[in-house]
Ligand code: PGA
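Below you will find one chain, with nothing else, as structure tokens; this is the form predicted alone, and questions on how it binds or moves follow later.
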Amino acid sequence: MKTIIANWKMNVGVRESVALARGTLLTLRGRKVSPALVICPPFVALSEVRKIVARSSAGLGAQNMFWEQSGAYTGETSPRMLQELGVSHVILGHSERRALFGETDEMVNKKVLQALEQKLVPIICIGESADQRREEQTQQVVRDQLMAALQGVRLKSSDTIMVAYEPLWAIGSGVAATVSDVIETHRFIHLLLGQVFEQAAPGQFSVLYGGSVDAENAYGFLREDEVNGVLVGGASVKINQFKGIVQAAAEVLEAKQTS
């Protein structure tokens, strides 16, 4: 299976989110085989978007959460609140959260542990900066961030973990990583996950690529076995672009069925 996660960030309001959700679901209509889809609208639109996706196969995701269930944490949102809204997935450790709001590996780890405890699927974002890439530190950075995020995690048979490899230099830049670079890094991440979760069943963890994914380059990533899906930012709020990404995933899945 291939998974497409639409991260709308802070680009749409409530009414826009409702319209975009309807349009996003239409990209799945009439297809013989469709990818798994998770829509992550802004917090203020979660309730309304839930009404749109409720009768569909799409999942509802949040863009962040806090690691406590309740308390004096002004402005934060707890896992329990997300559950009440029908949220199934949550993006954690996105590079924008790390860079703009000072989130640390330790904070991401607390969120991962709490997400799993509350039966939410964590989408753990990791990736290197342009400087770290130039210094050939990609694997070291990826290992450090992933191992820190998974510290203390005991994977239950019902748990699912997603890891999104998002090189910082590719996010929002219009310059995606090359397919060969993505394959190499994804293989490394799969290897690390296999070492950490030796008893995991097939499908319990997956590795997605994110970073300037669009309709033009999506097929090149999705056709690779190491790439279990994509985390889409800017292109996810452009319905024609997103339709192209869904089409690419559907073509890959159909080809695998007939091979």
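All residue numbers refer to positions in the sequence shown, first residue = 1. The model shown is predicted, which means the values in this text are computed figures rather than measured ones.
Beyond the structure shown, there is the form predicted in complex with this ligand, which is absent from this document and is the topic of what follows.
**Q** Quick one: from 218, 49, 231, 40, grab the residue that has a heavy atom within 4.5 Å of this ligand in the predicted complex.
**A** Among 218, 49, 231, 40, a heavy atom within 4.5 Å of this ligand in the predicted complex occurs only for 231.
**Q** From the list 115, 146, 82, 170, which entry has a heavy atom within 4.5 Å of this ligand in the predicted complex?
**A** Spelling it out, the residue with a heavy atom inside the cut-off is 170.
**Q** Do residue 61 and this ligand come within 4.5 Å of each other in the predicted complex, heavy atoms counted?
**A** No - in the predicted complex, heavy atoms of residue 61 and this ligand never come within 4.5 Å of each other.
**Q** Can you work out whether residue 3 and this ligand are in contact in the predicted complex, taking contact to mean some heavy atom pair no more than 4.5 Å apart?
**A** Outside the cut-off, so no.
**Q** Looking at the partner-bound form in the predicted complex, is residue 96 within 4.5 Å of this ligand by any heavy atom?
**A** Contact check for residue 96: yes, within 4.5 Å of this ligand in the predicted complex.
**Q** With the cut-off set at 4.5 Å between non-hydrogen atoms, does residue 9 touch this ligand in the predicted complex?
**A** Answer yes; at least one heavy atom of residue 9 falls within 4.5 Å of this ligand in the predicted complex.
**Q** Using a 4.5 Å heavy atom cut-off, which of 220-228, 63-71, 205-213, 40-48 contacts this ligand in the predicted complex?
**A** Looking at the other structure, the answer is 205-213.
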